[in-house]
Ligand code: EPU
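A single chain, nothing else alongside it, follows as structure tokens in the form predicted on its own.
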Amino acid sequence: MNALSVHKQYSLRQHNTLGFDQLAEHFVVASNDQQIEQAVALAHSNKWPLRVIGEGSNIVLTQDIPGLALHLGDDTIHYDATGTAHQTLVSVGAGANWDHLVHDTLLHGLNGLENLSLIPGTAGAAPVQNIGAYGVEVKELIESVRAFHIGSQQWHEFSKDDGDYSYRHSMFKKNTGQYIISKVTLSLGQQHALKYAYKDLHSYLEECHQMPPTPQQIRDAVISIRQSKLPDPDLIGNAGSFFHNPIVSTQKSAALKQAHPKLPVYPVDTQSAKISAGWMIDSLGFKGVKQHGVGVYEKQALVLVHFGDASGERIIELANQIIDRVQERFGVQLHIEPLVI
């Protein structure tokens, strides 16, 4: 078993897609379960706070990280040899790049993840956020999650039903900082009907005369749509959508729709509806705004960006301005989606 290599005063600029240059007091990479156990024991023995840092696509660093920052290095993908095209279990290390996983599963003829193409981050972060896009949430595909409980230093295997998954939420998010996910097992294959009813996706496929589409055509369409709206973090620092789309009561959504007829509203159930945060922010004139080295992306008001010479505090200042204005104009409370550290 390889010993952990501990780095001191380690720059996290390459470990957060917003590109803020904060330091980790100590930094290690754990590439297997045993090294995760070692890292937790190291933090415990030194009384260091412990934080897991993945690709950093869903964090805003506003300060240096005290104690120990743990990066998960296991990016292996294992396909159950007994599986079929109808259903195969795919186990993936928490450190695997999410979009690489989507690409690889489709190469193996297994559909299910195609709508979740080009979402930044790692496989280990997917259950925490219950990532979703274009009519699909990862909770629909999760078979189980293997995680280490930091407090008891015990391993647990959580079934799909154990995860308490809902919109951008899970048991792991509710208990932030208590578990380290090491592996996610997904159930993929033709058991999952292709989903392409989402308006933007359906329109794109129709325009390309790809109806009904193949899983790969859905992936290609999602990538094209996302690239047309979202900046490449390698070129412009960003964490994707910066705010949740608010879920309000049907009465509230109806009143907002009457006052603002162009506001996109998406029914969730008989009691609630999701409304577009991006539309509200755009209507207030924030799209394209730049201030103090940060701004709102010119093509998508839901995305806040860092131009390379600012701090996390600056982007939070801008976010709070937006939150205040939306509350004032629409009576709706926006919530920041990435974790602010």
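Numbering starts at 1 and runs along the sequence shown. All of these numbers come straight from a predicted model, not from anything done at the bench.
A second form of this protein, the form predicted together with the named molecule, is not displayed here; the remarks below concern that form.
Here is the short version: of Pro215, Gly163, Gly132, Gly95, the single residue with a heavy atom within 4.5 Å of the named molecule in the model of the complex is Gly132. Shown without its partner, this chain lists Ala239, Val102, Leu186, Ile181 as candidates; in the model of the complex, only Ala239 has a non-hydrogen atom within 4.5 angstroms of the named molecule. Only one of 171 to 179, 259 to 267, 146 to 154, 77 to 85 places residue heavy atoms within 4.5 angstroms of the named molecule in the model of the complex, namely 259 to 267. Mapping the unseen interface onto this chain, Asp200 counts among the residues with a heavy atom inside 4.5 Å of the named molecule in the model of the complex. Contact between Asp282 and the named molecule in the model of the complex is found at the 4.5 Å heavy atom cutoff.
Phe243 belongs to the set of residues with a heavy atom inside 4.5 Å of the named molecule in the model of the complex. Taking the partner from elsewhere, Lys229 is found to have a heavy atom lying within 4.5 Å of the named molecule in the model of the complex. Taken together, the three residues Ala126, Lys139 and Ser159 lack any non-hydrogen atom within 4.5 angstroms of the named molecule in the model of the complex. The partner is not shown here, and in the model of the complex the stretch 64 to 84 never reaches within 4.5 angstroms of the named molecule through any heavy atom.
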